[in-house]
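First, one chain by itself in structure tokens, the form predicted alone.
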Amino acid sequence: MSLTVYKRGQLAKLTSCNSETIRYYEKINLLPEPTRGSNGYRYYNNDHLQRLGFIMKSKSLGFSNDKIRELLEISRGIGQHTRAEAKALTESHLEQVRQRISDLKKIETTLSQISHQCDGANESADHCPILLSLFDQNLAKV
């Protein structure tokens, strides 16, 4: 059985991850450092590919690097960790996402309201309702 190896550029292409981001993940220990050939090139294997795929999918779901690290730890410690740990971490993240959605809906409503107050005329912005509303201290309570 032959071991598949990839250079960083190949790994980046396979995972749609920027090669500098791969270096960053190595630096912060999300991705283990690859072996180096006698030529100095870094060689990644299928474990790197799988782990980077996990990281990228987790990132696409909005998990922070610290939470990804926790998920990876749970996944590595089969028998030492429970599904309840993974679920609790995910449920906590889901609640944060829901809160951000709620906050974004409030922002959308406020932006829509102030945008509708302006006629968009090519006149002086001295009395622009949008700019005036941004100076309004009540807006900070959004």
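Numbers for residues come from their place in the sequence shown, where the first is 1. Being a predicted model, the structure only gives us computed values, none of them experimental.
This protein has a second form, the form predicted together with another copy of the chain, left out of what is shown; the following refers to that one.
Check your understanding: Among the candidate residues Asn29, Ser75, Ser64, Thr35, which is the single one with a non-hydrogen atom no more than 4.5 Å from another copy of the chain in the predicted bound form?
Key -> Of the candidates Asn29, Ser75, Ser64, Thr35, Ser75 is the one lying within 4.5 Å of another copy of the chain in the predicted bound form.
Review point. Taking the shortest heavy atom distance, is Cys17 within 4.5 Å of another copy of the chain in the predicted bound form?
Key: Cys17 lies outside the contact set for another copy of the chain.
Practice item. Check whether Pro129 has any heavy atom within 4.5 Å of a heavy atom of another copy of the chain in the predicted bound form, and answer yes or no. Key: Looking in the predicted bound form, residue contacts with another copy of the chain include Pro129, since a heavy atom lies within 4.5 Å.
Exercise for review: Decide whether Asn39 counts as a contact residue for another copy of the chain in the predicted bound form under a heavy atom distance cut-off of 4.5 Å.
Suggested key: Looking in the predicted bound form, residue contacts with another copy of the chain do not include Asn39, since no heavy atom lies within 4.5 Å.
Review point. Using 4.5 Å between non-hydrogen atoms, is Asn45 touching another copy of the chain in the predicted bound form?
Key: Close contact is absent here: in the predicted bound form, Asn45 is far from another copy of the chain, nothing within 4.5 Å, heavy atoms only.
Check your understanding: Within 80 to 100, which residues have a heavy atom closer than or equal to 4.5 Å from another copy of the chain in the predicted bound form?
Key -> If the 4.5 Å heavy-atom criterion is applied to another copy of the chain in the predicted bound form, 80 to 100 yields His81, Thr82, Arg83, Ala84, Ala86, Lys87, Thr90, Glu91, His93, Leu94, Val97, Arg98, Arg100.
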